[in-house]
Structures are given as structure tokens and as C-alpha cells.
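Only one chain comes next, encoded as C-alpha cells, the form predicted alone.
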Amino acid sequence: MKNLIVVLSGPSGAGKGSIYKKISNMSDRTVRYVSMTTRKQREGEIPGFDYDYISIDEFKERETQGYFLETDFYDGNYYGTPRISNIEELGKDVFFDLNANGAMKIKEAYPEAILIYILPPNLERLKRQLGNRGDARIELAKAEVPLALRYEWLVINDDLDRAASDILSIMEVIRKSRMQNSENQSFVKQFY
């Protein structure tokens, strides 16, 4: 069965990283595709899991070489998703944690990608999640939320276990649907 490509997006503080960590504990079929950034590593982040941290000069050189599938500049830092030579070689369902612009670039490159937008249950929860990261992130989140309408799926993160289970359920439905569609095509082809 072909690997699934899943893009998780949502405002900062919605819990995308926590949800993926929970999913990876629930399923050994997943791998998180790691983006690169020029920002400083935050406390608790793991290089090679959360991001690959590189210098601005390294980033710009790789960008010039066409190394990235998509790039973004946010809050004074560069972010980029390296191109994937062959996603099947990874052997697992591949998760991306990207903003809406990055998600749309992945969808262009991989039309079969599943786009899932993560939201907290309300603005108050988001404010608590962001803590001291500032009001600017709240305003950015308010501006980003309408982009959720461009996604195929919306998951409300009011409970981490449920959000992770919901995403795994979405993936299973899509996997079965694609398998059924493939079987149907094979069956129909026998008639012509």
C-alpha cells in the first residue's frame, strides 16, 4: 500500500507537534519529515526531530541550489522543506508540519497529500498555549484561521489523545478508500 502524505497546519500553539508525537507513539508507520530553519533552537526542541537548525548563509546557499520544495520567512527567520527524492523510499506515512503556504506547495507537488488543519477549541485555550510568546502570535493566528477552509480536514485539539486518534482515523478512511478505488479500477478494466 502506498504511503500517505499528511500535512498538519494550524496556528502556533495549536498543538501540531504534540499531536504528531502522540501519533508516533500510537503508530510505527509514521515518520515526520523535518524542515530546516535559521531560528534558534527553543528549549525542549530536538535537532533532527523538530527542525534541522542551519545558518542563514547555509539556508540561502541551499535555496539558490533548488534544495527546497518550499520556503518561508517568518518572524525574522527562514524556514524550508527539503525536496523529497522518492517518498516511497521512506517506507512510512510521511507527516509535514507546515503553514498554509507550505501546505499548498506540498499539495501542488503531491496532489494525493492529505491536508489537516489543527485548531484549539477556542481563542482562550490558544492564548494559554502561547503563554509568553506574545500578542503578535495571537493576531497572526486570528489572521490564519480562515485558511482552515482551504483544507480537506479540520481537527479540534481539545484533547490530545482524541486529536491524534481522529487523525489516525482520517488516515485509515483515506487508505481504505484509495485501496477500494484501486481494486474497483482493476475490476472495471477487465471489461475493456
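In this text, all values refer to a predicted model and were calculated from it rather than measured experimentally. When you see a residue number, it is the position in the sequence shown, counting from 1.
Note that the form predicted in complex with guanosine-5'-monophosphate isn't included here; everything after this is about it.
S.K.: Within 4.5 Å of guanosine-5'-monophosphate in the model of the complex, heavy atoms considered, which of 29, 39, 127, 60?
M.R.: Residue within 4.5 Å of the partner: 39.
S.K.: Are any of the heavy atoms in residue 97 no more than 4.5 Å from a heavy atom of guanosine-5'-monophosphate in the model of the complex?
M.R.: Residue 97: contacts guanosine-5'-monophosphate in the model of the complex.
S.K.: Does any part of residue 74 reach within 4.5 Å of guanosine-5'-monophosphate in the model of the complex? Heavy atoms only, please.
M.R.: Heavy-atom contact with guanosine-5'-monophosphate at 4.5 Å: present for residue 74.
S.K.: Looking in the model of the complex, any heavy atom of residue 22 within 4.5 Å of guanosine-5'-monophosphate?
M.R.: No.
S.K.: Taking the shortest heavy atom distance, is residue 157 within 4.5 Å of guanosine-5'-monophosphate in the model of the complex?
M.R.: Residue 157: no, not in contact with guanosine-5'-monophosphate in the model of the complex.
S.K.: Counting only heavy atoms, which residues in 59-88 are within 4.5 Å of guanosine-5'-monophosphate in the model of the complex?
M.R.: Those in contact are 70, 72, 74, 79, 80, 81.
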